[in-house]
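In the form predicted alone, a lone chain appears below as structure tokens.
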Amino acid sequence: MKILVAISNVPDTTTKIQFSDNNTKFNAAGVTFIINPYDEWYALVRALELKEANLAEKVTLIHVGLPDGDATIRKGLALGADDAVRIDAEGPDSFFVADQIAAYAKEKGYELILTGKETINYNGSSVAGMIAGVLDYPLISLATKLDIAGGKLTAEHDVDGGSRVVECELPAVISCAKGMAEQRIPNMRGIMAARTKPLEVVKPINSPEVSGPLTSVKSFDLNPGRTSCKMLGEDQMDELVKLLHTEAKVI
């Protein structure tokens, strides 16, 4: 079985966010980029565990992006992935990214596609579902456990009040959440080996499904942060009702 792990190149969580071009573009100047933590800690590490258990023969990373993401891909290789592919395009939206990954997975015959549950920059949680939709593969979303036996996949994910165990046949797409695996730190041997592991750069496909971006960004706004809090006593019910009508906002 071959596993394809989709990774995103995202700003470090300590980054001070700024926008440019009238708040329509993220300003990447001086920003440190990392592998999206959900992709790295859960999807990639679980794929490596499956390979170490002799349940997979190969783990490949895939990233849709420009050359500035190569350093991020190399970190994934340092963790233990066998090889990587970068689709040389700046994805305009989630569907473009999903469509490119789906086309590559189908062409190369990957039986299991893993992603993190979402990216920390957009928090869309949409790419895994779109990949599954394009390929017509089963999707298990927000999985916290994943096992494979006899060509069948068993996964667990949280539901209201508990958890649910589901089974499906391969091939399949899984979005991975906390609990799937434990974070790993690349060692020196892995870092050195990553320098010579294959990183293939391929051109994006011209999909008949996508004639252009399906979504566009109108503008970005920074989080306004915390505002002042008005404290009311238990005998100020009338004042509370008044403030709920005049000042409270639904977020």
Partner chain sequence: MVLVYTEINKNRVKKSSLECVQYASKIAALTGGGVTALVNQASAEHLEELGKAGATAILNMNNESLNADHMLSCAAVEQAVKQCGAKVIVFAFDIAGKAIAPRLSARLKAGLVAGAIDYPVVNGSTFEVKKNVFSGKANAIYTIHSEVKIISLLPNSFPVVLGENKATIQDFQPDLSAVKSRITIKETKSNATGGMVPLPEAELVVSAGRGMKGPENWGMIEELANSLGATTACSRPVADLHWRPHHEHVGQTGVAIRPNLYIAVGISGAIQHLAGVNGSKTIVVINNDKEAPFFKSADYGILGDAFTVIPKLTEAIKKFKANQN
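Numbering follows the first chain given and starts at 1. In this text, rigid core is short for the largest set of C-alphas that superpose within 1.5 Å between two forms. Note that this is a predicted model, so its numbers are computed, not measured.
If you look for the form predicted together with the partner chain, you will not find it shown, but the lines that follow are about it.
Participant: Looking at 105 to 113, 83 to 91, 70 to 78, 126 to 134, which one sits within 4.5 Å of the partner chain in the predicted complex if you count heavy atoms only?
Facilitator: Only one stretch qualifies here: 126 to 134.
Participant: State yes only if every one of Gly150, Leu199 and Lys203 has a non-hydrogen atom within 4.5 Å of the partner chain in the predicted complex; otherwise state no.
Facilitator: None of them does, since no heavy atom lies within 4.5 Å of the partner.
Participant: Can Ile140 be called a contact residue for the partner chain in the predicted complex at 4.5 Å between heavy atoms?
Facilitator: Ile140 belongs to the contact set for the partner chain.
Participant: Answer yes if any heavy atom of Ile191 is within 4.5 Å of a heavy atom of the partner chain in the predicted complex; otherwise answer no.
Facilitator: Contact with the partner chain, no.
Participant: How about Asp21: is it within 4.5 Å of the partner chain in the predicted complex, going by heavy atoms?
Facilitator: Answer no; every heavy atom of Asp21 is more than 4.5 Å from the partner chain in the predicted complex.
Participant: Within 4.5 Å, heavy atoms only: does Asn223 come near the partner chain in the predicted complex?
Facilitator: Asn223: yes, in contact with the partner chain in the predicted complex.
Participant: Can you tell me which residues in 216 to 235 come within 4.5 angstroms of the partner chain in the predicted complex, by heavy atoms?
Facilitator: In sequence order, Ser216, Val217, Lys218, Ser219, Phe220, Asp221, Leu222, Asn223, Arg226, Ser228, Cys229, Lys230, Met231, Leu232, Gly233, Glu234, Asp235 come within 4.5 Å of the partner.
Participant: Is Gln236 displaced by at least 2 Å at its C-alpha between the shown form and the other one when the rigid core is overlaid?
Facilitator: Comparing forms between the shown form and the other one, the Gln236 CA shifts at least 2 Å.
Participant: Once the core is aligned, please say if the CA of Val159 is shifted by at least 2 angstroms between the shown form and the other one.
Facilitator: Yes, its C-alpha moves 2 Å or more.
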